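Okay, so here's just one chain, in C-alpha cells, the form predicted alone.
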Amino acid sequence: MQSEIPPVLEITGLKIGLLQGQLVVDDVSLSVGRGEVVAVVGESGSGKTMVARSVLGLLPPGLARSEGIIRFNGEAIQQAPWKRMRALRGGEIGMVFQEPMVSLNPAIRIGKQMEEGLAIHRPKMGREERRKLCADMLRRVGIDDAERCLMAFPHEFSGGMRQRMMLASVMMLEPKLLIADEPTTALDSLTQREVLDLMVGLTREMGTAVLLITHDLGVVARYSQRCVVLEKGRLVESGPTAQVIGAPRELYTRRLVEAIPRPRPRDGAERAGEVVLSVEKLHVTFRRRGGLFQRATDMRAVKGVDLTVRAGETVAVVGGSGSGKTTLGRAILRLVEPSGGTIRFKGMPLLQAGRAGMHSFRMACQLISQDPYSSLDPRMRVGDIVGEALRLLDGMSASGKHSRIEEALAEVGLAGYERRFPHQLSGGQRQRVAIARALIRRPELVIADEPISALDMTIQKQILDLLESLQRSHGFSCLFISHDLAAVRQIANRVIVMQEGRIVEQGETEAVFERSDHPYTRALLEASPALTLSRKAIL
C-alpha cells in the first residue's frame, strides 16, 4: 500500500505570544497540499498575518512562538538553524506582501532587486543568465517591455505593476510554497483579478501550494479550495470553502459573510433636491518633467468630464487605477488646478471665485481621505483633531464647541475618546474620527476618496452603514470615489464610470449594475469578487 503524501505545509497547535505571556495566536492548526490554495480569513487583529510570518520565522520583535509544530514537506522547521531558514526563505518558500512599495527598495533598480534571490539561491548562475531569466519571468507575468522595466525604479510603476514584479521575483525561484499576505488589498477590481489570476495560474503550473491571507471573502470564494477562519487568534471554523462560506456554522463566520455589501432599494424621490455641485467639460493636465535626452510632456488625467450632484444624493465615481477618479475629486476641491471647464457649487463658479468665495466653499465642502492614519496629526488628541474644524466658526463659545465635539464623536460611536491619540485607535476607529472631523461643521457636500479600501469587510460594513445613517440625519450630498463596486452598489444613488480620464458610462446604480452598456463597465463588474459573491444565493 502506497504511503500518503504529506502536505507541503502542516501547522499543528501553533501558539504565538507576547513576551509578557499574552497569546495573539492560540492553538491554530492547518495544512496546505501540493497545488492547493488554502485561505486564512478574519478581521484585522485576528492573527492571520502572524500565522503566515511564523512559517518563515519572521515574527516582529516582542512576539515569539511558544508552542506548536511547523512542518514543511514533512520537516519540522520551527526551530531550524539560521542557515536552513536562509535556504528556505525565497528558495523553497516564497512570500508576497500586501504593499509592494514597502518590499521594494526605492533606490535600487528593479533588475538588481530581482537578481538578489537568484544570487543567493543560485550562486553558480552567471549574471547574464540571471538577467535573461528575470526578463523572461517579467514577460510571463504580463510585462511586455521587460528590458526597460529591469532598468527602471519602483516609483515609475503602478501598484498593479509593482505587485506583478514582486510575484515574478518570488515565482522565478519556483518555490514549493507561496505565502500571499493580502496581495491585492489596495488594487482596483480589474488589477486585483489580473494579479490573482496570474498568481494562481503560475502556482498551478508549477504545482506550488498557496497559503492566501485575506479579509476579502469574495477572493476566498473565487480562488481557494479550503479556508480557515480566525477570530482573535483562535481557529473558529475550517473546511471546504463552499461549505464554510455557503453554510457557516459559527456565529463569527456568519457575521463575516453578512458583512458583504448588498444592494438596497432606493426611492427616486431621494434625488429631488437642488443641484449642489455641477461640473462641465472639466480638464486636468499634468506636466511631466523630461529626463536626460527627453522632452517634458503633458499628461491629461481628466478629459472633459460632466457631472452633477443633488442635495442629499450619493454619486459614486468608479474606475480602475489611473482612470482619473481621484484627480477629479481633488480638482473639484481645487487641490489641483483644472486646465479647463467649469465647477459650480450651488451656482457659484469656483474657478473664478475669490478668496472669500473659496473660503465659503471649503467650509461647506469636506474631504474624507483614503488613509486616515496619514491625514490625522499623530501629535494631536482625537478631540482636538475633530474640533480643529470649528476654529474658524464665529459666535460659538468654548463650551459650545466642546459640546459639538462630544456630539460628533458620539454620532460615530466614539464617545469618550477625546483624550486618545490616533496611534491608540484601530483603522476603523481612525476612519470614524476622519468622518467626525468632516461632518462637525455640518457640510453640504462630502467628497469621500476610497474611505474603506484599507479596512476589513466587517469594518467596511460599519463605515458604510455609518455614512448612510449620518447622511439621513444631516442631509449632506456625497461624491463617493471607490474601486469597490459592491460597496458602491450598497451606498450610491447614481454611478459614474471613468476610464482613462473620461466618463464612459453613468446612470442609476441598479441600471448600470444590471444592464451595463459599456464593455469596460462589464469588465469591472465581472472582476469584482465581492459583487459576484453577493449575487449568489448562498446567503
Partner chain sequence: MGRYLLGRLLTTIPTLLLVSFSVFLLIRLVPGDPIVLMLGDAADEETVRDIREAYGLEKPFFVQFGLWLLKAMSGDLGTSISNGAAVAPLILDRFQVSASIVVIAIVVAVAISVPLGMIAAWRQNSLTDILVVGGATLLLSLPSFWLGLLLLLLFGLKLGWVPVVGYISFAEDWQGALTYILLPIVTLILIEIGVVTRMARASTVEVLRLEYITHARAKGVSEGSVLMRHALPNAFAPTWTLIGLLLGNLLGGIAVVETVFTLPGLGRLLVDAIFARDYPIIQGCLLFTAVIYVIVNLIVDLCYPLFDPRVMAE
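Numbering follows the first chain given and starts at 1. The structure presented is a predicted model; accordingly, all values stated were derived computationally and were not measured.
What comes next is about the form predicted together with the partner chain, which does not appear here.
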Next item on the list: Tell me the stretch among 221 to 229, 407 to 415, 153 to 161, 254 to 262 that has any heavy atom within 4.5 angstroms of the partner chain in the model of the complex.
Entry: 153 to 161
Note to self: I need to confirm a contact call. Of 113, 185, 458, 278, which residue comes within 4.5 Å of the partner chain in the model of the complex, counting heavy atoms only?
What the structure shows: 113
Margin query: Between 149, 93, 315, 235, only one gets a heavy atom within 4.5 angstroms of the partner chain in the model of the complex; which residue is that?
Written below: 93
Notebook entry, point to check: Closest heavy atom of residue 97 to the partner chain in the model of the complex, within 4.5 Å or not?
Noted result: yes
Notebook entry, point to check: Just to confirm, residue 240 within 4.5 Å of the partner chain in the model of the complex by heavy atoms?
Noted result: no
Checklist line | Contact test in the model of the complex: residue 34 vs the partner chain, heavy atoms, 4.5 Å | finding: no
Item checked: Interface membership of residue 106, the partner chain in the model of the complex, 4.5 Å heavy atom rule -> yes
Item checked: Any residue of 118 to 137 that, in the model of the complex, places a heavy atom within 4.5 Å of the partner chain -> 120, 121
